[in-house]
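Have a look below at one chain only, the form predicted on its own, in structure tokens format.
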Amino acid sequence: MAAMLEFRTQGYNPYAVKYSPYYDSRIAVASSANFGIVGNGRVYSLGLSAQGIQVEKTFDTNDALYDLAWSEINENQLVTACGDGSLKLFDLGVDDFPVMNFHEHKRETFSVAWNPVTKDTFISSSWDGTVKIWSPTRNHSIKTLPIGNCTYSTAFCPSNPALISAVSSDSHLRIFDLRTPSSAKYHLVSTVPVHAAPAGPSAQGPSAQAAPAEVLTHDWNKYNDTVIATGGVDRILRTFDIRSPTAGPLSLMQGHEYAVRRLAWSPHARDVLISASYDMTVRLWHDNAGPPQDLALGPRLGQQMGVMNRHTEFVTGVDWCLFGMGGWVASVGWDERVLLWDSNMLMSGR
């Protein structure tokens, strides 16, 4: 692979990386000492320059950091998910300490995402089995959505601010609609059994049924807001149409040798996604989506377009740059490295 930029997070093992929604030259990394088991956390704001990757700002926390999200209303602010159950809002113009602290989760906060539509709220999920909705201007959560199981990832629909998704250790993807009355299952409108066999006639194609396993990550398709991709312990990426929660997956993408830790749909193409895994690789996929096929044929098999294997430890985070020609990706891993590279190098055979 040709062009690749590298930065070392000396003494800290990264868990997440996010490109700024405002600048193509700024990324943030959430990291933890001692692999997040015990010790401090550190968030890096990194800038890309002619001299390579430079540190713009760092903030240290008393506990590990597992995820982060850039603010959609202030280009200098980001929120982090902490091992002590708190969320901290940092401002690059304010030294040392967070400008806001949000602490209601009873266990580790593992995921955080900013609302990309209304831009005035963000959500978090925790090992305590809840998803909470927050405003950056108040310390107390606006709403709590009960999941009941360790909730590894939560996200907003990219086009509808009322739709929230979450995946958890019980092998399910849940969809909440805040427009429904809270008395109706706490806004829960759909539950997708990720590993269950599709309802209806048995599929003849690749098996859609699998033993239940923890789902660690998911993401909404940026061009089709009814499609969500999931990944987790069983190493397989799956896409689902949330309008048909019991129909089984639309497509399967197989190739990772260990658990899929994080995935992200491309903001530049409706059929391309990228995944990071404990097998120390980042893989680029084409989901082979198309017109719905007969359920009896089973899910389509997605195509692996390439593998990036420069990491030497678990790869824990991956994100796409929103700007430019499309294709630049940031990945981070427990090898204390941040790598920026052009995924088009992997797509040369497409």
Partner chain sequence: MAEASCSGPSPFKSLVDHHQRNTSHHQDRFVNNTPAGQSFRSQQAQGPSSQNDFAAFMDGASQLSGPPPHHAAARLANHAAALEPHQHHHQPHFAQPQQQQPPAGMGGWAADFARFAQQSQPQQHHQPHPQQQHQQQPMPQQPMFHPQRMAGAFGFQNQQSPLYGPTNSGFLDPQVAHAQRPAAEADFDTEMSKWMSQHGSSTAQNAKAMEDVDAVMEQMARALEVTENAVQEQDELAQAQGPQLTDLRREEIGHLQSSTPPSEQETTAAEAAKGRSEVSEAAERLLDSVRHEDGDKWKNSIFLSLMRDFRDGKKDIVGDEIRETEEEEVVSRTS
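Positions refer to the first chain, counted from 1. All figures in this text were calculated on a predicted structure; none of them were measured in a lab.
Only in words, not in the display: the form predicted in complex with its partner chain, which the text now covers.
When its partner chain is considered in the predicted bound form, only one residue from H218, H256, R174, K88 comes within 4.5 Å through any heavy atom, namely R174. Residue-level contacts in the predicted bound form: of D241, E72, D271, E108, one residue has a heavy atom within 4.5 Å of its partner chain, and it is E108.
Annotated contacts: D67, W114 and N224 are all free of its partner chain in the predicted bound form [non-hydrogen atom within 4.5 angstroms]. Although the partner is absent here, S266 is not a contact residue: none of its heavy atoms lies within 4.5 angstroms of its partner chain in the predicted bound form. Of the heavy atoms in G148, some are within 4.5 Å of its partner chain in the predicted bound form. Although the partner is absent here, G306 sits far enough away that none of its heavy atoms falls within 4.5 Å of its partner chain in the predicted bound form. In the predicted bound form, at least one heavy atom of H311 sits within 4.5 Å of a heavy atom of its partner chain. The stretch from 91-99, 117-125, 186-194, 159-167 that comes within 4.5 Å of its partner chain in the predicted bound form, counting heavy atoms only, is 186-194.
Taking its partner chain as positioned in the predicted bound form, the residues of 24-42 that bring a heavy atom within 4.5 Å of it are, in sequence order, N34, F35, G36, I37, V38, G39.
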